[in-house]
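Encoded as structure tokens, the following chain is the form predicted on its own, with no partner shown.
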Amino acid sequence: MTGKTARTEGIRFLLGEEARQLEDIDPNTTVLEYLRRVEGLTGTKEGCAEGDCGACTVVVAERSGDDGLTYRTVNACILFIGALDGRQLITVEHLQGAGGGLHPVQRAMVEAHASQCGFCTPGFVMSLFALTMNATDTPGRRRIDDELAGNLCRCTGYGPIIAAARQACKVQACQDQAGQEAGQPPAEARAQTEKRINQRLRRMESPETLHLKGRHGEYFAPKTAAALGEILARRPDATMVAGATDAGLWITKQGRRLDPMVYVGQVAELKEIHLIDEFLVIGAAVTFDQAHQAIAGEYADFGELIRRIGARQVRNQGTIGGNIANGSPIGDSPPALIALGATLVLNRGGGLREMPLEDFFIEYGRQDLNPGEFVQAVRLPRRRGEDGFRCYKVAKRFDQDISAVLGAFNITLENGRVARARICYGGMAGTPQRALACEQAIIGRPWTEETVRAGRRALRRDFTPMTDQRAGAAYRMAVAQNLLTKAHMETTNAEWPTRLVGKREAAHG
């Protein structure tokens, strides 16, 4: 791709407020590696190199409208350098308060004695910085926990860090209020700064595909679906990446090289969420965080499932399409989407085809995707009437863990009988798979314990689960059966307690 259809002058972004243009850099370079080895900014640490510990957390800001910015925490250890194009990268070295002193978040960490060995501290500081920049009011405990779930600390027990989070957000709110009373609101100064950065980033934008080709390999970053289709038609061997929450580990853990690499995180059509008739259409490059509110507005349990996918940093990077296209049997979103009757839109050279999502998964490691074809969007039927959908994720940890079993139940009752049922499990087979025998065992019957027992027995015909490091076969079957029972309990007697609510959730919501 050359000439008028591409630009070749390199990856352009702001590092803090300094412009950068990288022309001769390996596209497989992670942001963490670039910061430490090229820029000498060593405040950002490497802990796990797989997006779990949060020591490498940085903030990426991108344009929001004509004047503002959106701030996202990301894991620098698994984010490829090309994803910074047209954005601002903020590290702990770029934070400072009025007069060049400590930023309010840093001061709060000091005053709350929230740092001991200090290795994890920069990551916590950046997560709290993003929280203070994005919060519109003083956040409660649950919001703080959600923001910090992707940052691990082995010294403090988290109590002082949570206290620092509360103090930092309170200080920010007080500063805004005091400034307004004095006629010099800090919020106004912040708005002016954001507008200036926004304008600088806008000048970096280009409708052309970024194309780098050199001694380090070939890299494409198209802006349209048509350009993406053209690239894949000529280079069907290319590896597509979006959030790189999986692909990043291929580099850091497996030592692989992706060449050529095609970054789809700026393809306009793949970043859209919109309504068409009775469907919520979610572009393949929409992140979990971006999709969360829209999906939760239709299906509360699906929204809660998304809240438990990775941590904030992962949800800010990981995409709906990537979770599907990877074809993992333990991907969290496919079972829920399949149970809800979602369909997949595939694009090959501008030609579209649509299929039920369940048909996309053929067998372990194999999906119905032709050479040069890519996932463009998923079409999720909107909720009709009462929400009878239930979804449960079972893992060893609540936050930041991979499912052992995930059960999704879409059961419609009419006059006390099961009129329709779509049940799908993850972690029970080589692909996300519907429990067809179970569905047939309960459809048309009264929604009673006897019917549930028949469905539980039928699950043994649907699945022969495996034993691995996450769970044993017998455990998986028992959990799958119990989740069916749980769905029955929740749809017949809402007063029965079926979900654990800790003191913090009860107190803070």
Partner chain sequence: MDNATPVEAPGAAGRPHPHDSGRKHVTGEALFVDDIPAPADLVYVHAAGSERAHARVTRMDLDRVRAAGGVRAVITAGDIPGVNDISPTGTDDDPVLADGLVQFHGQPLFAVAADTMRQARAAARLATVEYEDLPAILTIEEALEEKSFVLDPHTMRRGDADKGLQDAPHRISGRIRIGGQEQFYLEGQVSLALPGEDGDMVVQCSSQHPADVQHQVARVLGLRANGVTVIVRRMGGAFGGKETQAAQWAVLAALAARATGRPAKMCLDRDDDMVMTGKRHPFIADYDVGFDDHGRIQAIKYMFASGCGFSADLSASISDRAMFHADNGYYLDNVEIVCHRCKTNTVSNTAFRGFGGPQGMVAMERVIEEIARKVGRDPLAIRKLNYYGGEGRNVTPYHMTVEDNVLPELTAELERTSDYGKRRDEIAAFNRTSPVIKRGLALTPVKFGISFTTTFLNQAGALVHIYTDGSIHLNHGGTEMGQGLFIKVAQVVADELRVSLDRIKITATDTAKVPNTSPTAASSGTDMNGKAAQAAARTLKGRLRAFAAGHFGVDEAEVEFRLDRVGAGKHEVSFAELVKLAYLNRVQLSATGFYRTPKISYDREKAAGRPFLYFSYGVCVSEVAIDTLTGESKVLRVDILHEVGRSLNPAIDRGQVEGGFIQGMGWLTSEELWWDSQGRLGTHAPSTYKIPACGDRCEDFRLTLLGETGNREGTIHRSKAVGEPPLMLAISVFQAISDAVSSLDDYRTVPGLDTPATPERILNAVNGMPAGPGKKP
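Numbering follows the first chain given and starts at 1. Source: prediction; values computed, not measured.
FYI, the form predicted together with its partner chain isn't displayed, but the following is about it.
S.K.: Out of Ala238, Leu102, Leu201, Ala247, which one falls within 4.5 Å of its partner chain in the model of the complex, going by heavy atoms?
M.R.: Comparing distances to its partner chain in the model of the complex, the residue within 4.5 Å is Leu102.
S.K.: Which residue among Asp259, Asp145, Glu230, Glu272 has a heavy atom within 4.5 angstroms of its partner chain in the model of the complex?
M.R.: Selected option: Asp145.
S.K.: Please name which of the stretches 457-465, 42-50, 63-71, 437-445 has residues with heavy atoms lying within 4.5 Å of its partner chain in the model of the complex.
M.R.: Heavy-atom contact with the partner occurs in 42-50.
S.K.: Can you tell me if Gln254 lies within 4.5 angstroms of its partner chain in the model of the complex, counting non-hydrogen atoms only?
M.R.: Taking the distances in the model of the complex, the answer for Gln254 is yes, it comes within 4.5 Å of its partner chain.
S.K.: Does any heavy atom of Pro160 come within 4.5 Å of a heavy atom of its partner chain in the model of the complex?
M.R.: Looking in the model of the complex, residue contacts with its partner chain include Pro160, since a heavy atom lies within 4.5 Å.
S.K.: With heavy atoms only and a cut-off of 4.5 Å, decide whether Gly283 touches its partner chain in the model of the complex.
M.R.: Contact with its partner chain, no.
S.K.: Mark Glu450 yes when one of its heavy atoms lies within 4.5 Å of a heavy atom of its partner chain in the model of the complex, and no otherwise.
M.R.: Output for Glu450 is no: heavy atoms all beyond 4.5 Å of its partner chain.
S.K.: Judged by heavy atom distances of 4.5 Å or less, which residues of 148-170 approach its partner chain in the model of the complex?
M.R.: Counting only heavy atoms within 4.5 Å of its partner chain in the model of the complex, the contacting residues of 148-170 are Leu148, Ala149, Leu152, Cys153, Arg154, Cys155, Thr156, Gly157, Tyr158, Gly159, Pro160, Ile162, Arg166.
S.K.: Thinking of the 3 angstroms or more shift, are the C-alphas of Thr42 and Ala98 brought closer or pushed farther apart in the model of the complex than in this view?
M.R.: Distance between the C-alphas of Thr42 and Ala98: shorter in the model of the complex, by 3 Å or more.
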